[in-house]
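Listed next as C-alpha cells is one chain, alone, in the form predicted on its own.
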C-alpha cells in the first residue's frame, strides 16, 4: 500500500512538468535574449516585443512573460497537491493542500470576518503569485514584483474591490463617507482614497526592487574588495572572488526570501483590511432588513 501511494502517476509527472518547465523556459529565454554587459547593470524589465497600437505601443516585457510562467507553475502545483483527493488514508500532498486551505480560511476569518469567507481563494492567489514572483530572483530571473506596472495592476484590482464594497449601500452613502467624521475633512478623505492603490503599489514594488539593487551593489563591491586583497597573487588566484563566497547568499536569504514573502503577506493583509474596513456592514444589513420587512409587509 505504501509503495503504491509513493508511486508517481502520469498526471503527477505532468503536473511536476508544469511546475518546472515554465521556469526552465524563462531561464533559456533570458540567456538567449540578454544583451552583453560589463560591470554593474541595474535595469528594468527587458522588452521582448513591441506591438504598434493607435494610441500607444503594446509592450511585451520580461515582467509579463515571467508573470505568466509563475501562474502556470502555481497552477501545476495546485493540480499536483489536489490530485487524487480522498476522505480517508490521505497522503502528504493532501495534508499540505488541506493545511493551506485551513490557514487561509483562518487568516480571512480573523482579518475580515465570516461575511468575507469567499475571499479566501483570492487571498491565497495573492500570496502565491506575489511570493513566487519575488522568489524568481533566486533563479536569476527578473521578479515581476520589481515592476511597478505589475504591482500597480494588482493595486488597481484591489481598489476596484474596495470601491465595489463601499458602493454596497448606494452611491449616496459612498459620497457621504467622504464627509466623515466631520465635513471639513472631505479633501483629506478624497486624497486618502486616491492614495490607497498608490501606497499599496509603491510599498510592494519599492521594497522588492530596493532589495535587488542592494544585493547587486554589495556583490559587486565584494568582488572589487576581493581583487584588492588578492590582486597581488599570480594568475587565477588574483581573480578568485573570496569575499563573494557566502555573504551574497546570506543577503539573498533576507532580500529575496524573507523580504519578498513579507511583502506578499503585507499586500494580502492590506487587501483584507481595506476591503473589510471600507464595507459599511451595519448599514448594509440594516437596509437589507428594511427591504425584507417592506416586501413582507406589502404581501
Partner chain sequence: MLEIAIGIILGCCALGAGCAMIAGIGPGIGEGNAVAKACEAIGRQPESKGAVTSTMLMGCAIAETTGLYALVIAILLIFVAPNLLVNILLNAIG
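The structure displayed is predicted, hence computed values, not measured ones. Residue numbers count along the first chain shown, from 1.
Although it is not shown, the form predicted in complex with its partner chain is what the next lines describe.
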property: Heavy atom within 4.5 Å of its partner chain in the predicted bound form - residue from 199, 177, 149, 163; result: 199
property: Residue (of 128, 209, 222, 158) lying close to its partner chain in the predicted bound form, criterion heavy atoms within 4.5 Å; result: 209
property: Its partner chain contact at residue 205 in the predicted bound form, heavy atom, 4.5 Å; result: yes
property: Contact label in the predicted bound form: residue 263 to its partner chain, heavy atom within 4.5 Å; result: yes
property: Touches its partner chain in the predicted bound form: residue 27 (any heavy atom, 4.5 Å); result: no
property: Non-hydrogen atom contact residue 269 with its partner chain in the predicted bound form at 4.5 angstroms; result: yes
property: Location of its partner chain contact in the predicted bound form, chosen stretch of 87-95, 182-190, 130-138, 209-217 [non-hydrogen atom, 4.5 Å]; result: 209-217
property: Sequence-ordered residues of 104-118 touching its partner chain in the predicted bound form, heavy atom within 4.5 Å; result: none
